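What follows is a single chain, given as structure tokens, in the form predicted alone.
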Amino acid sequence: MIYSEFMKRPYVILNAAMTVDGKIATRAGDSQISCPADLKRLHRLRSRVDAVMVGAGTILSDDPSLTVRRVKGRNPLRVVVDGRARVPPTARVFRGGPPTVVAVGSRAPRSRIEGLRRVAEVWVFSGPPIDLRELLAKLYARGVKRLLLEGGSTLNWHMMRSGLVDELRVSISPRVVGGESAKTLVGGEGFARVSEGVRLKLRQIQRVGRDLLLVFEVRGSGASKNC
């Protein structure tokens, strides 16, 4: 937490469920990977953070509410990174529960931005793409000290590449789904060399129902001075 306090951004936990072959969704977009015990773990984790953040792709494909339902606890602030303001105002993330912040780019269609303003708090940044460091700094100033990232592969890549993830929690389901177009844990452009990749230190291994939970400390990329 010391590093994040110094940088004036939240401590970020990336949580994801994936199959043994690294897929977070099938080629058809099915992302129902976690077992019931792991879903309960996820909701408990949500109740212990100040905000939960996803990208527009997750909202468009899964339409999650991002609330705490499987355990008793408070709902975190919901944050959607949506540079082009693609998320419809009818999405479940805007219904009831806690407030929702949508980060949009200044070049997004004005009509879409105004539509989102009717159901959420809209923060306009230059871009797209959204400056994630600026977004996290603004969330920190709002009181968000711990943030749960439940992003898709694209947002996960941008957060990891930018050095904005402190902890990685991966629940591995004992299934193999394959598929060249199926989304992996981290997508994006990717690094050219393994030595450039983000370094992790294993902190915990735990059986959760039928799934296996791995908890890592993120140590930085191969080129980072912090390694």
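Residue positions are given as counts along the sequence shown, with the first one as 1. Note that the structure is predicted; figures quoted are calculated from it, not measured.
Below, we refer to the form predicted together with a small molecule, which is not included among the displayed structures.
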Problem set entry | Whether I13, S47 and G97 all lie within 4.5 angstroms of the small molecule in the predicted complex by heavy atom | no
Exercise. Looking at 128-136, 88-96, 115-123, 67-75, which lies within 4.5 angstroms of the small molecule in the predicted complex, counting heavy atoms?
Worked result: 128-136
Exercise. Hey, in the predicted complex, is G57 touching the small molecule, heavy atoms inside 4.5 Å?
Worked result: yes
Exercise. With a 4.5 Å heavy atom cut-off, would you call S173 a contact of the small molecule in the predicted complex?
Worked result: no
Problem set entry | Proximity of S61 to the small molecule in the predicted complex, heavy atoms at 4.5 Å | yes
For this session: Classify L147 as contacting or not contacting the small molecule in the predicted complex by the rule of any non-hydrogen atom within 4.5 angstroms, answering yes or no.
Result: no
For this session: Have a look at G179, P36, G29, G197 for me and say which one sits with a heavy atom within 4.5 Å of the small molecule in the predicted complex.
Result: G29
